[in-house]
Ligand code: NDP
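Take a look at this single chain, the form predicted on its own, given in structure tokens.
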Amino acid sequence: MRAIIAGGTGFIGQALVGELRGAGWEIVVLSRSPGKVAEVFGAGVIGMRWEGGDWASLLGPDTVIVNLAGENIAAGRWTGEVKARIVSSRVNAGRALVQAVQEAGVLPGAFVQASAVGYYGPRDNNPIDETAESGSGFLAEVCRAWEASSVALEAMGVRRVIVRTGMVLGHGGALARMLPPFRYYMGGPPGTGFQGASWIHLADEAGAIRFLMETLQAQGPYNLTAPNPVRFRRFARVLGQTLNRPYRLNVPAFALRLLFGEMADEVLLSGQLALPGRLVEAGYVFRFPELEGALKDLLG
């Protein structure tokens, strides 16, 4: 089997490449700089250019395209320019991949489209699964456009899987940004801490994507979140206990809004309790279903 991965040098992409390499997949990573692919992965992973490359000639029933491309949503304050880049980086990538498939005239065996639990908008009360409707706010708008960018493949007969990812815990990403205040005895949840934290260990993120790539019946949206989401106040408590540090120093909502504006309200001060209903039903077994085990593995 062959995987063609857009966004393969990113945080999740690198973990997925490692997962697939261990399972014997042939891997092609699309990049504007194929030399960077060689620097990141070394021998054994093929780097090809997005535009003008020959990657579309590799399409066929034994090839799965994985689209992880997109600018970091939580990199800083959402100015009008930043919001436009967030949307265009996702939509343009999906459309470019669809266009390449159409021009090649050969269909892949499957297409995995990245998305996020932000699709559901702020949902701080009750747990939700994939049956929930899309919510309100910028993140929900981004996710709807992101998912729609490759929907044309379904009409062409391609098995398309949408992975709505939660907060991914690994050596990097969101967890790396949380650690400094805790290590300096200033840790605590943002705002009230009542907002939901739908998390997933990076190993399960990569493992679940591989599982959906290899499961021929898998199609449609799947929440890539651990089966035990928590409120952020509990997340802070478990993180503090894992590090043997205090965890009760709440970061005031007004301070976060001053620093990050609209991004604070949608990313830091609200959330979801998203459950991986369809993923569990399909038979995926989580390596780290509980937060305590996940953080101990990463930080213990």
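Residue numbers here begin at 1 and follow the sequence given. Note that the structure is a prediction, hence the values are computed from the model and not measured.
What comes next is about the form predicted in complex with the named molecule, which does not appear here.
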Counting heavy atoms only and using a 4.5 Å cut-off, do Met178, Arg237 and Gly293 all touch the named molecule in the predicted bound form? no
Partner-proximal stretch of 250-258, 28-36, 55-63, 228-236 relative to the named molecule in the predicted bound form, 4.5 angstroms, heavy atom: 28-36
Tell me, out of Ser134, Thr192, Ser89, Thr79, which residue has a non-hydrogen atom within 4.5 angstroms of the named molecule in the predicted bound form. Ser89
Identify which of Val112, Ala208, Met167, Leu97 has a heavy atom within 4.5 Å of the named molecule in the predicted bound form; exactly one of them does. Met167
Is Ile46 close enough to touch the named molecule in the predicted bound form, meaning at least one heavy atom pair within 4.5 Å? no
Even though the partner isn't displayed, in the predicted bound form is Asp124 close enough to the named molecule, meaning a heavy atom within 4.5 Å? no
In the predicted bound form, does Glu214 have a heavy atom within 4.5 Å of the named molecule? no
Can you tell me if Leu243 lies within 4.5 angstroms of the named molecule in the predicted bound form, counting non-hydrogen atoms only? no
For the stretch 1-29, return the residues whose heavy atoms include at least one within 4.5 Å of the named molecule in the predicted bound form, in the order they occur. Gly7, Thr9, Gly10, Phe11, Ile12, Gly13
